[in-house]
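Next up: just one chain, as structure tokens, the form predicted alone.
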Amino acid sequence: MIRLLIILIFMATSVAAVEPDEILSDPVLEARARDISANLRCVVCQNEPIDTSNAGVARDLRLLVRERLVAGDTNDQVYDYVVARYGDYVLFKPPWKSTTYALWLAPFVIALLGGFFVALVFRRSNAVSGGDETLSADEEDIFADVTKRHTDGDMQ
């Protein structure tokens, strides 16, 4: 029962942006259009699929996808057509090629640089503290004197 409710909630959110005049009468083509739309990024919203975006350009892309499907294009042909117009960025899963290496590798490079800087900060903090936790004879005398004054002050 809970799974059904969750599925209905997700279906309702994906239906929210697709307007009634966009829906194709052929349920098979409409299902293909929804599948394609879920994998295309809205160029305005950036991290939202065009299927759920209310942006004007997302609507235009949804209509374009449906027009191409009605014209007889395969899913791959629709993706190729949209990529030719908007670039690989419009795909949620861009292909692995020289122009998209940065998209694929940037998260790993950022994580490695972050780890390097964290290690550098810890190393410097240990170097500043000297790494030696023992007190010199003078420091021990000062500590003993302060401790004695503190305990004598508590007793008075």
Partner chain sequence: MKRFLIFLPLCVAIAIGLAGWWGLNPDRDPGSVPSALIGQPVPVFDLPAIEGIGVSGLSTQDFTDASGPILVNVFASWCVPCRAEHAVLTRMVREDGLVLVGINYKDKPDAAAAWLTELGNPYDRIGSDETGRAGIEWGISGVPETFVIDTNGIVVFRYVGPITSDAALANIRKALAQAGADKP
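Positions refer to the first chain, counted from 1. Note that the coordinates shown come from a computational prediction; the quantities given were computed from them, not determined experimentally.
Below, we turn to the form predicted in complex with the partner chain, even though it does not appear here.
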Residue-level contact is defined here as any heavy atom of the residue lying within 4.5 Å of the partner chain in the predicted complex; does residue 92 satisfy this criterion? no
Is there a non-hydrogen atom of residue 46 within 4.5 angstroms of a non-hydrogen atom of the partner chain in the predicted complex? yes
Examine residue 64 and determine whether its closest non-hydrogen atom to the partner chain in the predicted complex is within 4.5 angstroms. yes
Report yes if any heavy atom of residue 106 sits within 4.5 Å of a heavy atom of the partner chain in the predicted complex; otherwise report no. no
Can you pick the stretch from 24-32, 38-46, 107-115, 94-102 whose heavy atoms fall within 4.5 Å of the partner chain in the predicted complex? 38-46
From first to last in sequence, which residues of 64-93 have any non-hydrogen atom within 4.5 angstroms of the partner chain in the predicted complex? 64, 67, 81, 83, 84, 85, 86, 87, 89
